[in-house]
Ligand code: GCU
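Below, in C-alpha coordinates: the form predicted on its own, a single chain.
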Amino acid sequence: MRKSLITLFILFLLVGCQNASGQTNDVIELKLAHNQTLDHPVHLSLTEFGRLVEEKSNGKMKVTLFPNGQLGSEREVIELTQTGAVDFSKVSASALEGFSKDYSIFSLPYVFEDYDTFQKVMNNPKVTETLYQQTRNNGFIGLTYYNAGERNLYTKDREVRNVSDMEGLKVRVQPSQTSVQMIESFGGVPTAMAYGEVYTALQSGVIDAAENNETALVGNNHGEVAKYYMYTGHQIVPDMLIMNAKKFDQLTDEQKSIIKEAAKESTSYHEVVWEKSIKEQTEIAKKEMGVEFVEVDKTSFIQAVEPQHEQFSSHEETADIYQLIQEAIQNE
(Lines give C-alpha, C1' and ligand atoms only; values in the text may rest on other atoms or scores of the structure.)
Protein backbone atom coordinates (compact mmCIF):
# COMPACT_ATOMS: atom_id res chain seq x y z
CA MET A 1 0.00 0.00 0.00
CA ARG A 2 2.79 2.38 0.96
CA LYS A 3 4.66 1.65 -2.29
CA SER A 4 1.52 2.35 -4.32
CA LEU A 5 1.03 5.70 -2.59
CA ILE A 6 4.65 6.67 -3.23
CA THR A 7 4.29 5.69 -6.91
CA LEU A 8 1.13 7.77 -7.25
CA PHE A 9 2.84 10.73 -5.57
CA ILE A 10 5.79 10.54 -7.98
CA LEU A 11 3.45 10.41 -10.95
CA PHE A 12 1.44 13.34 -9.58
CA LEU A 13 4.61 15.41 -9.42
CA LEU A 14 5.58 14.36 -12.94
CA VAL A 15 2.20 15.23 -14.40
CA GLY A 16 2.15 18.50 -12.49
CA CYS A 17 5.28 19.61 -14.32
CA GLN A 18 3.66 19.20 -17.72
CA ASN A 19 0.62 20.33 -19.59
CA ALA A 20 -1.99 17.92 -20.92
CA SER A 21 -0.02 17.15 -24.07
CA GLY A 22 3.09 16.14 -22.10
CA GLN A 23 5.07 19.16 -23.28
CA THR A 24 7.10 21.70 -21.38
CA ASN A 25 8.35 24.77 -23.25
CA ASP A 26 7.66 23.03 -26.59
CA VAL A 27 9.81 20.05 -25.57
CA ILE A 28 7.99 16.72 -25.46
CA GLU A 29 8.92 15.06 -22.17
CA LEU A 30 8.61 11.27 -22.27
CA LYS A 31 8.79 8.89 -19.31
CA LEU A 32 10.19 5.35 -19.47
CA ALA A 33 9.93 2.83 -16.61
CA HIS A 34 11.79 -0.46 -16.15
CA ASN A 35 12.96 -2.78 -13.39
CA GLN A 36 16.68 -3.22 -14.10
CA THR A 37 19.64 -1.78 -12.19
CA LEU A 38 21.73 1.13 -13.44
CA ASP A 39 24.61 -1.13 -14.52
CA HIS A 40 22.44 -3.67 -16.34
CA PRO A 41 22.94 -3.88 -20.15
CA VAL A 42 19.24 -3.17 -20.71
CA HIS A 43 19.43 0.08 -18.72
CA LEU A 44 22.48 1.12 -20.73
CA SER A 45 20.58 0.40 -23.95
CA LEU A 46 17.50 2.31 -22.80
CA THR A 47 19.77 5.21 -21.89
CA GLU A 48 21.13 5.04 -25.43
CA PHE A 49 17.55 5.04 -26.75
CA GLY A 50 16.86 8.24 -24.82
CA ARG A 51 20.08 9.82 -26.08
CA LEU A 52 19.21 8.97 -29.67
CA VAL A 53 15.69 10.36 -29.36
CA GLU A 54 17.01 13.66 -28.04
CA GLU A 55 19.79 13.84 -30.63
CA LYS A 56 17.58 13.00 -33.61
CA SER A 57 14.89 15.46 -32.51
CA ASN A 58 17.42 18.26 -31.88
CA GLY A 59 16.38 18.35 -28.26
CA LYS A 60 12.64 18.61 -28.99
CA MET A 61 11.96 15.21 -27.39
CA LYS A 62 13.50 14.01 -24.15
CA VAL A 63 13.20 10.65 -22.40
CA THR A 64 13.47 10.37 -18.61
CA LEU A 65 14.19 6.91 -17.24
CA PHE A 66 12.78 5.45 -14.02
CA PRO A 67 14.87 2.29 -13.40
CA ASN A 68 15.07 -0.19 -10.52
CA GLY A 69 11.33 -0.79 -10.42
CA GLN A 70 10.77 2.70 -9.00
CA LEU A 71 7.26 2.82 -10.47
CA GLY A 72 6.30 -0.76 -9.71
CA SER A 73 6.43 -4.33 -10.96
CA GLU A 74 6.35 -5.24 -14.65
CA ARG A 75 2.59 -5.73 -14.49
CA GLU A 76 2.20 -2.34 -12.84
CA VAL A 77 4.33 -0.46 -15.38
CA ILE A 78 2.45 -2.12 -18.24
CA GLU A 79 -0.76 -0.78 -16.71
CA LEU A 80 0.84 2.66 -16.30
CA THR A 81 1.78 2.54 -19.99
CA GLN A 82 -1.78 1.55 -20.89
CA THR A 83 -3.19 4.61 -19.13
CA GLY A 84 -0.47 6.97 -20.38
CA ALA A 85 0.86 7.70 -16.89
CA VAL A 86 4.20 6.69 -18.41
CA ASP A 87 4.94 6.74 -22.13
CA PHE A 88 7.23 3.72 -22.40
CA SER A 89 8.12 0.69 -20.34
CA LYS A 90 10.55 -2.16 -20.79
CA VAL A 91 9.11 -5.52 -19.75
CA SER A 92 9.78 -9.18 -20.38
CA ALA A 93 7.80 -10.66 -23.26
CA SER A 94 6.42 -13.19 -20.79
CA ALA A 95 4.75 -10.35 -18.86
CA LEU A 96 2.77 -9.50 -22.01
CA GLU A 97 1.16 -12.94 -22.27
CA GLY A 98 -1.80 -11.70 -20.24
CA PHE A 99 -2.45 -9.01 -22.86
CA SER A 100 -1.86 -11.00 -26.05
CA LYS A 101 -1.51 -14.78 -26.40
CA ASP A 102 0.93 -14.19 -29.26
CA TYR A 103 3.60 -13.23 -26.74
CA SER A 104 3.34 -16.66 -25.12
CA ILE A 105 5.27 -17.99 -28.14
CA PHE A 106 8.51 -16.85 -26.48
CA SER A 107 7.82 -19.02 -23.46
CA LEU A 108 7.33 -22.08 -25.66
CA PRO A 109 10.48 -24.14 -25.01
CA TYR A 110 12.78 -24.75 -27.96
CA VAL A 111 10.69 -22.80 -30.46
CA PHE A 112 14.07 -21.33 -31.49
CA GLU A 113 16.96 -23.70 -32.11
CA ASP A 114 19.51 -21.10 -31.04
CA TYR A 115 20.02 -17.34 -30.78
CA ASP A 116 20.86 -16.97 -34.49
CA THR A 117 17.45 -18.44 -35.32
CA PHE A 118 15.79 -16.10 -32.84
CA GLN A 119 17.47 -13.06 -34.43
CA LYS A 120 16.42 -14.19 -37.88
CA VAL A 121 12.79 -14.28 -36.73
CA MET A 122 12.97 -10.97 -34.87
CA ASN A 123 14.43 -9.24 -37.91
CA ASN A 124 11.49 -10.37 -40.02
CA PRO A 125 9.12 -7.36 -40.30
CA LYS A 126 6.13 -9.61 -40.92
CA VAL A 127 6.64 -11.24 -37.51
CA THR A 128 7.50 -8.14 -35.53
CA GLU A 129 4.75 -5.92 -36.92
CA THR A 130 2.22 -8.63 -36.16
CA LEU A 131 3.49 -8.86 -32.59
CA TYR A 132 3.93 -5.14 -31.99
CA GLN A 133 0.40 -4.27 -33.08
CA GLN A 134 -1.36 -7.09 -31.25
CA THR A 135 -1.76 -5.02 -28.07
CA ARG A 136 -2.97 -1.78 -29.68
CA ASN A 137 -6.48 -2.39 -28.38
CA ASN A 138 -4.93 -2.81 -24.91
CA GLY A 139 -3.55 0.74 -25.13
CA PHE A 140 0.05 0.11 -26.12
CA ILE A 141 2.22 -1.05 -29.02
CA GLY A 142 5.63 -2.69 -29.29
CA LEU A 143 8.64 -0.76 -30.61
CA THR A 144 11.60 -3.12 -30.38
CA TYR A 145 13.15 -6.00 -28.46
CA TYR A 146 16.31 -6.44 -26.40
CA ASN A 147 18.32 -9.62 -26.03
CA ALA A 148 17.72 -11.11 -22.59
CA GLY A 149 19.84 -14.16 -23.33
CA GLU A 150 19.01 -17.82 -23.43
CA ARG A 151 17.29 -19.10 -20.33
CA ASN A 152 19.19 -21.95 -18.71
CA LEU A 153 18.69 -24.00 -15.56
CA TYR A 154 20.81 -23.42 -12.45
CA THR A 155 20.68 -25.39 -9.21
CA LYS A 156 21.86 -25.12 -5.66
CA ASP A 157 23.61 -28.50 -5.45
CA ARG A 158 22.42 -30.86 -8.20
CA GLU A 159 23.97 -31.41 -11.61
CA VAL A 160 21.35 -31.90 -14.34
CA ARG A 161 22.24 -33.55 -17.65
CA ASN A 162 18.86 -34.90 -18.84
CA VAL A 163 15.21 -34.84 -17.83
CA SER A 164 15.62 -37.84 -15.52
CA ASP A 165 17.78 -35.61 -13.30
CA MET A 166 14.88 -33.14 -13.02
CA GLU A 167 12.58 -35.49 -11.10
CA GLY A 168 11.12 -33.64 -8.08
CA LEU A 169 13.36 -30.59 -8.56
CA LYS A 170 11.61 -27.46 -7.23
CA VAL A 171 12.23 -24.77 -9.85
CA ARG A 172 11.30 -21.10 -9.69
CA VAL A 173 9.52 -20.00 -12.85
CA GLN A 174 8.15 -16.76 -14.23
CA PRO A 175 4.39 -16.18 -13.89
CA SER A 176 3.74 -17.86 -17.24
CA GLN A 177 1.49 -20.89 -17.69
CA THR A 178 3.69 -22.01 -20.58
CA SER A 179 6.78 -21.97 -18.33
CA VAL A 180 4.93 -23.83 -15.58
CA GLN A 181 3.90 -26.53 -18.06
CA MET A 182 7.49 -26.74 -19.36
CA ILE A 183 8.95 -27.54 -15.94
CA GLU A 184 6.20 -30.08 -15.33
CA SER A 185 7.07 -31.71 -18.68
CA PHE A 186 10.70 -31.91 -17.58
CA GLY A 187 9.61 -33.72 -14.40
CA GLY A 188 10.29 -30.80 -12.07
CA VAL A 189 8.02 -28.96 -9.66
CA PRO A 190 7.35 -25.38 -10.86
CA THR A 191 7.21 -22.68 -8.19
CA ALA A 192 6.09 -19.20 -9.24
CA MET A 193 7.57 -16.38 -7.18
CA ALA A 194 8.85 -12.83 -7.54
CA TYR A 195 12.36 -12.59 -8.97
CA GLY A 196 13.57 -10.67 -5.92
CA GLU A 197 12.76 -13.67 -3.70
CA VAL A 198 14.90 -16.19 -5.61
CA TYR A 199 18.16 -15.69 -3.67
CA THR A 200 16.69 -16.34 -0.23
CA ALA A 201 14.46 -19.13 -1.58
CA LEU A 202 17.53 -20.95 -2.95
CA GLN A 203 19.47 -20.26 0.22
CA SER A 204 16.73 -21.61 2.50
CA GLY A 205 15.80 -24.58 0.33
CA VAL A 206 12.32 -23.37 -0.55
CA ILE A 207 13.40 -24.02 -4.15
CA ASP A 208 16.21 -26.17 -5.53
CA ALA A 209 16.72 -24.32 -8.78
CA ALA A 210 15.84 -21.39 -11.00
CA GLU A 211 16.22 -20.63 -14.69
CA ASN A 212 17.58 -17.47 -16.26
CA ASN A 213 20.51 -16.10 -18.24
CA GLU A 214 24.03 -15.80 -16.83
CA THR A 215 23.58 -12.25 -15.52
CA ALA A 216 21.44 -13.58 -12.66
CA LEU A 217 24.47 -15.31 -11.17
CA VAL A 218 26.48 -12.13 -10.64
CA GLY A 219 24.06 -9.23 -11.00
CA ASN A 220 21.66 -10.74 -8.48
CA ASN A 221 24.28 -12.78 -6.59
CA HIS A 222 22.53 -16.09 -7.28
CA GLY A 223 25.95 -17.61 -7.94
CA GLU A 224 26.64 -17.36 -4.20
CA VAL A 225 24.05 -20.06 -3.54
CA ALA A 226 23.65 -21.84 -6.91
CA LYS A 227 26.75 -23.80 -7.90
CA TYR A 228 25.66 -25.56 -11.09
CA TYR A 229 24.62 -23.76 -14.28
CA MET A 230 23.34 -26.03 -17.05
CA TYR A 231 23.18 -24.84 -20.68
CA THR A 232 19.70 -26.21 -21.33
CA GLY A 233 18.87 -23.25 -23.60
CA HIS A 234 15.17 -24.02 -23.19
CA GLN A 235 13.79 -20.53 -23.87
CA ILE A 236 14.77 -17.25 -25.49
CA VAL A 237 12.46 -14.66 -23.98
CA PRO A 238 13.35 -11.10 -25.04
CA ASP A 239 12.69 -7.86 -23.24
CA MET A 240 10.23 -5.63 -25.06
CA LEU A 241 10.05 -1.85 -25.30
CA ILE A 242 6.40 -0.81 -25.41
CA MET A 243 4.77 2.61 -25.84
CA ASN A 244 1.36 4.09 -25.08
CA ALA A 245 -0.55 3.83 -28.37
CA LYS A 246 -2.41 7.12 -27.99
CA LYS A 247 0.82 9.01 -27.32
CA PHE A 248 2.47 7.45 -30.35
CA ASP A 249 -0.49 8.32 -32.57
CA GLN A 250 -0.35 11.96 -31.41
CA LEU A 251 3.20 12.36 -32.73
CA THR A 252 3.98 13.76 -36.15
CA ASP A 253 5.24 11.37 -38.84
CA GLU A 254 8.75 12.73 -38.31
CA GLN A 255 8.56 12.21 -34.56
CA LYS A 256 7.25 8.66 -35.05
CA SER A 257 10.18 7.93 -37.35
CA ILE A 258 12.61 9.27 -34.76
CA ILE A 259 11.14 7.01 -32.07
CA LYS A 260 11.26 3.95 -34.33
CA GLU A 261 14.79 4.65 -35.57
CA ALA A 262 16.10 5.26 -32.05
CA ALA A 263 14.47 2.05 -30.85
CA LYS A 264 15.98 -0.01 -33.66
CA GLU A 265 19.44 1.50 -33.18
CA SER A 266 19.30 0.94 -29.43
CA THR A 267 18.67 -2.76 -30.10
CA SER A 268 21.83 -2.93 -32.22
CA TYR A 269 23.72 -1.12 -29.45
CA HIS A 270 22.33 -3.60 -26.95
CA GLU A 271 23.73 -6.62 -28.81
CA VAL A 272 27.25 -5.32 -28.22
CA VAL A 273 26.89 -4.45 -24.52
CA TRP A 274 24.96 -7.65 -23.82
CA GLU A 275 27.62 -9.94 -25.32
CA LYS A 276 30.36 -8.13 -23.40
CA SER A 277 28.40 -8.36 -20.14
CA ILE A 278 27.69 -12.10 -20.53
CA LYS A 279 31.37 -12.88 -21.08
CA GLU A 280 32.46 -10.80 -18.09
CA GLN A 281 29.84 -12.14 -15.72
CA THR A 282 30.41 -15.76 -16.72
CA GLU A 283 34.09 -15.39 -15.87
CA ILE A 284 33.28 -13.81 -12.51
CA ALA A 285 30.81 -16.60 -11.70
CA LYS A 286 33.43 -19.23 -12.55
CA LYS A 287 36.47 -17.73 -10.89
CA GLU A 288 35.06 -15.81 -7.93
CA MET A 289 31.86 -17.71 -7.11
CA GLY A 290 32.88 -21.25 -7.99
CA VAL A 291 29.95 -21.90 -10.30
CA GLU A 292 30.37 -24.93 -12.55
CA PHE A 293 29.04 -24.50 -16.09
CA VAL A 294 27.70 -27.72 -17.62
CA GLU A 295 27.04 -28.50 -21.28
CA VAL A 296 23.82 -30.49 -21.71
CA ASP A 297 22.50 -32.82 -24.40
CA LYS A 298 19.17 -31.13 -25.11
CA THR A 299 17.59 -34.13 -26.84
CA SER A 300 15.58 -35.44 -23.87
CA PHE A 301 14.44 -31.92 -22.97
CA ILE A 302 13.26 -31.22 -26.53
CA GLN A 303 11.39 -34.52 -26.69
CA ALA A 304 9.69 -33.83 -23.35
CA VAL A 305 8.03 -30.63 -24.62
CA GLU A 306 6.85 -31.88 -28.01
CA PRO A 307 3.23 -31.99 -26.73
CA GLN A 308 3.44 -28.24 -26.02
CA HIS A 309 4.44 -27.58 -29.63
CA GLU A 310 1.47 -29.63 -30.79
CA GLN A 311 -0.80 -27.56 -28.54
CA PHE A 312 0.56 -24.27 -29.87
CA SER A 313 0.33 -25.31 -33.50
CA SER A 314 -3.30 -26.40 -33.17
CA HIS A 315 -4.77 -24.00 -30.61
CA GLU A 316 -6.96 -21.24 -32.06
CA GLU A 317 -5.23 -18.45 -30.10
CA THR A 318 -1.63 -19.42 -30.93
CA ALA A 319 -1.74 -21.32 -34.23
CA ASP A 320 -1.24 -18.23 -36.42
CA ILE A 321 1.82 -16.86 -34.61
CA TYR A 322 3.33 -20.36 -34.36
CA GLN A 323 2.93 -20.85 -38.12
CA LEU A 324 4.26 -17.36 -38.86
CA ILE A 325 7.42 -18.04 -36.86
CA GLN A 326 7.92 -21.46 -38.45
CA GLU A 327 7.70 -19.85 -41.90
CA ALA A 328 10.23 -17.16 -40.87
CA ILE A 329 12.62 -19.86 -39.64
CA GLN A 330 12.34 -21.89 -42.82
CA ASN A 331 12.65 -18.98 -45.27
CA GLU A 332 16.17 -17.80 -45.98
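Quick note: we count residues from 1 along the sequence shown, nothing fancier. Since the structure is predicted, the reported quantities are computational estimates derived from the model, not experimental observations.
Heads up, the form predicted in complex with ligand GCU isn't pictured, but that's what we're talking about next.
S.K.: Since the chain is shown here on its own, which stretch among 182-190, 250-258, 156-164, 86-94 would lie within 4.5 Å of ligand GCU in the predicted complex, judged by heavy atoms?
M.R.: That would be stretch 86-94.
S.K.: Pick from 148, 243, 209, 131: which has a non-hydrogen atom within 4.5 Å of ligand GCU in the predicted complex?
M.R.: Contact check passes for 148.
S.K.: Though only this chain appears here, would residue 195 touch ligand GCU in the predicted complex if you measure heavy atom gaps against 4.5 Å?
M.R.: Taking the distances in the predicted complex, the answer for residue 195 is yes, it comes within 4.5 Å of ligand GCU.
S.K.: Should residue 107 be classed as touching ligand GCU in the predicted complex when contacts are defined as heavy atoms within 4.5 Å?
M.R.: It does not: once ligand GCU is placed as it appears in the predicted complex, residue 107 has no heavy atom within 4.5 Å of it.
S.K.: Using a 4.5 angstroms cut-off on non-hydrogen atoms, would residue 172 count as touching ligand GCU in the predicted complex?
M.R.: Looking in the predicted complex, residue contacts with ligand GCU include residue 172, since a heavy atom lies within 4.5 Å.
S.K.: Should residue 74 be classed as touching ligand GCU in the predicted complex when contacts are defined as heavy atoms within 4.5 Å?
M.R.: Close contact exists here: in the predicted complex, residue 74 approaches ligand GCU to within 4.5 Å, heavy atoms only.
S.K.: Would you mind checking 29-60 for residues with a heavy atom within 4.5 Å of ligand GCU in the predicted complex?
M.R.: 35, 36, in sequence order.
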